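As a starting point, one isolated chain is supplied in structure tokens, in the form predicted on its own.
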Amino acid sequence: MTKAVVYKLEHDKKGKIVALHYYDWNKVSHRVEAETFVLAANAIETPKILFMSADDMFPNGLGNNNDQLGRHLMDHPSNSATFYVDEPIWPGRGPMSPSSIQQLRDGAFRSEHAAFRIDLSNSSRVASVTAAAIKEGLTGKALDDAIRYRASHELSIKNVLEQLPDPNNRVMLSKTKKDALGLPVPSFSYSFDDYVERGMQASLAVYAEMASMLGATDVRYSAPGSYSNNQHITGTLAMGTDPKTSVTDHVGRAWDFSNLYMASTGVMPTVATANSTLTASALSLRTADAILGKI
């Protein structure tokens, strides 16, 4: 159903969700009853809905009796290195990220620093190198030669770092800002610890080794301390075996409501170094089997 923004779940006193409430784009409220409810509004909006559903019986939000909802927010922090290699490779043909180096994601070192993988970018360099060359004041043949050389020789690599679950990294409701429907927007507490930073330093050493092996020139690193996000959000609805330390059980069902399930990357309690989509898909299929009574 399009143009429908869920803002509250309604429950009975027997541990079941009985209805959801949503606004259409004119802020007219509607109520929908069902026997089973699946929240699949991603790892940020799902906690938001549960927080907004707070009432006298659950003053801190639904599924949050043990203050775990929205906590342990994780992503894949990363930065990059860009340089010219010693032969033309002409990135821009085929998939944008055709290959990764995965051998660095596990080992005894994980007791000391974050694991990481390294992605080789295959995005076209033409637009960025052209803009840079023009900014340098190049014109005519010099500009044409610079574009051709840089677009064919420039390579960008990036790391994808593991982040450990930290209860202080979390999704919350904003106390000051609301959206166009008058609903609170999400707010965040988020930072990187020394474990991530030590992983970053280890990956920078790998960047330098790769650049040397590729005959690199003009090596450019992301600014020191600079991190990019990758929108691989996990942890905010973490599954587990103990309701005191998790939000959902092993099939993504809320501990407090027998007919409320969550299909999301958010149920993953850790993030490791792989993109989270396929894992979330597999977990969601398991959730569907649980709803159908197959497991």
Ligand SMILES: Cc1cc2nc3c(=O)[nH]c(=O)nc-3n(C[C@H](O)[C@H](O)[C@H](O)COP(=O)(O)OP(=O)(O)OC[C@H]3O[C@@H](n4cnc5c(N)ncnc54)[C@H](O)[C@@H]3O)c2cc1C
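Numbers for residues come from their place in the sequence shown, where the first is 1. Predicted model only: the values in this text are computed from it and were never measured.
The same protein also exists as the form predicted in complex with the ligand; that form is not shown, yet it is the one meant from here on.
When contacts are judged by a 4.5 Å heavy atom cut-off, residue 239 does not count as touching the ligand in the predicted complex. In the predicted complex, residue 231 approaches the ligand with a heavy atom inside 4.5 Å. Proximity of residue 276 to the ligand in the predicted complex: non-hydrogen atoms within 4.5 Å are present. For residue 265, a non-hydrogen atom is located within 4.5 Å of the ligand in the predicted complex, even though that partner is not displayed. With the ligand left out of view, the stretch that reaches within 4.5 Å of it through heavy atoms in the predicted complex is, among 250-258, 57-65, 26-34, 231-239, 231-239. In the predicted complex, 40, 41, 42, 43, 45, 49 are the residues of 16-52 with at least one heavy atom within 4.5 Å of the ligand, listed from first to last.
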